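Form predicted on its own, single chain, as structure tokens, below.
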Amino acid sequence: MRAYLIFALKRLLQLAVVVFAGVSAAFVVAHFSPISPIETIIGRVAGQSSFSPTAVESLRQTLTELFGYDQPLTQQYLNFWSRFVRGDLGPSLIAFPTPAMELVMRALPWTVGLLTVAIIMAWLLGNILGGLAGYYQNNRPLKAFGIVAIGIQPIPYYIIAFLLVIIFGYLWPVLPISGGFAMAVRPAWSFDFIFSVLHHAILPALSLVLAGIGTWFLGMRALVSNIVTEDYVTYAELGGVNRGTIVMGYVTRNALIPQLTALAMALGGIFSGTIITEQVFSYPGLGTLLIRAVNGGDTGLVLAVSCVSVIAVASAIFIIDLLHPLLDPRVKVG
């Protein structure tokens, strides 16, 4: 237990370093972005009223002081971390005067819920079917599924999302293709609201599952195909051990460890796919919020979304890393 606690503390330190580096990178990118929040505000104000050049310049100077752009870059960086720790990254320009972090916290549960369900379903289904296909290599239905998986695996997330929109939104309109819940339903902890949320999440989740299941299926099938030739598997078969026990208890369990590592490595790409999927289905998550912020020139909101995304993905990888030695006793934690 003591060795595992030391291992966990080391991983926690790594998490802190990753978050620090990722948030710092987000600050640098936002700071040197060609989209200036000051010029965005001036453009909007000038478009609504007629201002003299002197008034515009005075407004620019006032906004520069307000955003702290008149200070050295190092001081701006320290001020950013001070505000970030307090959860205050200023107001959003596209929803002024609502704080940017408040908008992010509203959208975060939608993305986390969608991503969690889709990842778990794709990972479990892909690994279970892939394990069976690797062990029962002459099974025709599993062979057919393998062919389908090979065809689906290289298709991008957004292509699958568009195909689902066309099929279930126009050719066979049985599922909602936009939004997080029905407009007639009031957000509350009620059966109608929960059912509406689940109903609207079917297509976004299905697109992510279909895009990911092929990768996990093919990876597990390849791993199991190698493991079934091991001596301990042959010995268990000759000893009359139940086939189900061999497949799930011996073969699949040993093959899951590399798949768990692959899941940690793929989380960043899956999160990027979620952002695109949310935009296709107008799902009220971080992806839709990020696109709105970019289109509206709201660099503060872009920075808030980026920072929270870095923390969320890094934390998920941290949790998977902690589970690794618990599932595989061969992993040394000392």
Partner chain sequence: MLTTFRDLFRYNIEFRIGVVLVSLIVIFSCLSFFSPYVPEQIYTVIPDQPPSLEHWFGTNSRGQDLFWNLTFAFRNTLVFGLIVAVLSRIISIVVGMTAGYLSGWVDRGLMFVNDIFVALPIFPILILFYFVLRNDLDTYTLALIMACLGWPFDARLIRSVGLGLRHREFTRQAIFAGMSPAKIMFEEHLPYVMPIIFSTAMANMIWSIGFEVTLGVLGFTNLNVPTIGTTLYWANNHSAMVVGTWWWVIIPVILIILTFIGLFLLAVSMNEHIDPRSRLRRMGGGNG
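Positions refer to the first chain, counted from 1. Computed from a prediction, not measured in an experiment: that's the story for all the values here.
Form predicted in complex with its partner chain: not shown, discussed below.
- Between its partner chain and the residues S178, N254, Q76, Q153, the one pair within 4.5 Å by heavy atoms in the model of the complex involves Q153.
- In the model of the complex, A95 stays away from its partner chain, with no heavy atom inside 4.5 Å.
- Interface membership of S190, defined by any non-hydrogen atom within 4.5 Å of its partner chain in the model of the complex, is ruled out.
- At a distance threshold of 4.5 angstroms between non-hydrogen atoms, L9 is out of contact with its partner chain in the model of the complex.
- Under a 4.5 angstroms non-hydrogen atom cutoff, its partner chain in the model of the complex lacks A316 among its neighbouring residues.
- Of the candidate stretches 120 to 128, 106 to 114, 237 to 245, 220 to 228, only 220 to 228 contains residues with a heavy atom within 4.5 Å of its partner chain in the model of the complex.
- Along 289 to 308, these residues reach a heavy atom to within 4.5 Å of its partner chain in the model of the complex: L290, I291, A293, V294, N295, G297, D298, T299, V302, S306.
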